[in-house]
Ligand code: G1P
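Take a look at this one chain, the form predicted alone, written out in structure tokens.
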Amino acid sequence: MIKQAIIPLAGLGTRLLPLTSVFAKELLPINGKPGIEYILDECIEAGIKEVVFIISKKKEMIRKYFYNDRFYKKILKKKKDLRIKEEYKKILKYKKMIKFVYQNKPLGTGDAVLKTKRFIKGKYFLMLLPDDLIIKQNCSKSMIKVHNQYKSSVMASMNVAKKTVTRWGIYKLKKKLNKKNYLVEKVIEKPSIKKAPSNKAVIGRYILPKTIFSVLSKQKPGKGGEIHITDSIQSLINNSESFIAHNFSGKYLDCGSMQGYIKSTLEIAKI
């Protein structure tokens, strides 16, 4: 059973400047609720018991958000506000399941994953990228179901416009397992339009094997001088590790750009 998740949060959120010049993008409210809480709620509903946050010294605000007990106790002592009390109880629930590690240099998602090695106990773990919000259906829950069925690593998949493949990790599919799941032959990080093997993109939900840590520890930087998780996934595929691309049923929202952030608030307000 998958009971642990990791969430990389060390990125500076430059696509959301100037807001992120003073505020962590993951705490920006989406329809009145911090974006990171949607990700945590997805984890809880999927049966996750422990979440590892990867932050940097510049993102200490995230840690403070979950460890601001003195502030809440002082307010509640003066003001018997039921709404504030319920919000504090919710934060305490999150706090019990969160651990923190640091990635102070922006060396890529693969490097961020490697920082969590000492915390991971099971053979597989879940990773969620906070910029990718998936609403209406719990993507992590459906991926765990696929993992339990096939005893395999799983990644979320979505069709994207051919002209946008250069901003995604793109799948080359090997075999159709059923209507929503495909065996992966290759994952290519940000290919050119000409070299893209499909228009099926990797979305920010992964069930990864613990064996990925040994690959990451030896991996050299790729495009942009960063250690990409897709490169280590490809190494595992080359060594006969099975990865499944799962076409999820929920609605994808990109919260990492200004336009996407505004759209996310409007979409969630409709629910």
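Numbers follow the displayed sequence, beginning with 1. Owing to the predicted nature of the structure, the values given are computational and were not obtained by experimental measurement.
Quick note: we don't show the form predicted in complex with the ligand, though the next part is all about it.
Remark: none of the three candidate residues (E26, Y65 and K93) comes within 4.5 Å of the ligand in the predicted complex, counting heavy atoms only. None of 73-81, 182-190, 96-104, 116-124 except one has non-hydrogen atoms within 4.5 angstroms of the ligand in the predicted complex; the exception is 182-190. Residue contact with the ligand in the predicted complex: T230 places a heavy atom within 4.5 Å of it. In the predicted complex, L129 approaches the ligand with a heavy atom inside 4.5 Å. Remark: G204 counts among the residues lining the ligand in the predicted complex, judged by a heavy atom distance of 4.5 Å or less.
The ligand in the predicted complex is approached by W168, whose closest heavy atom lies within 4.5 angstroms of it.
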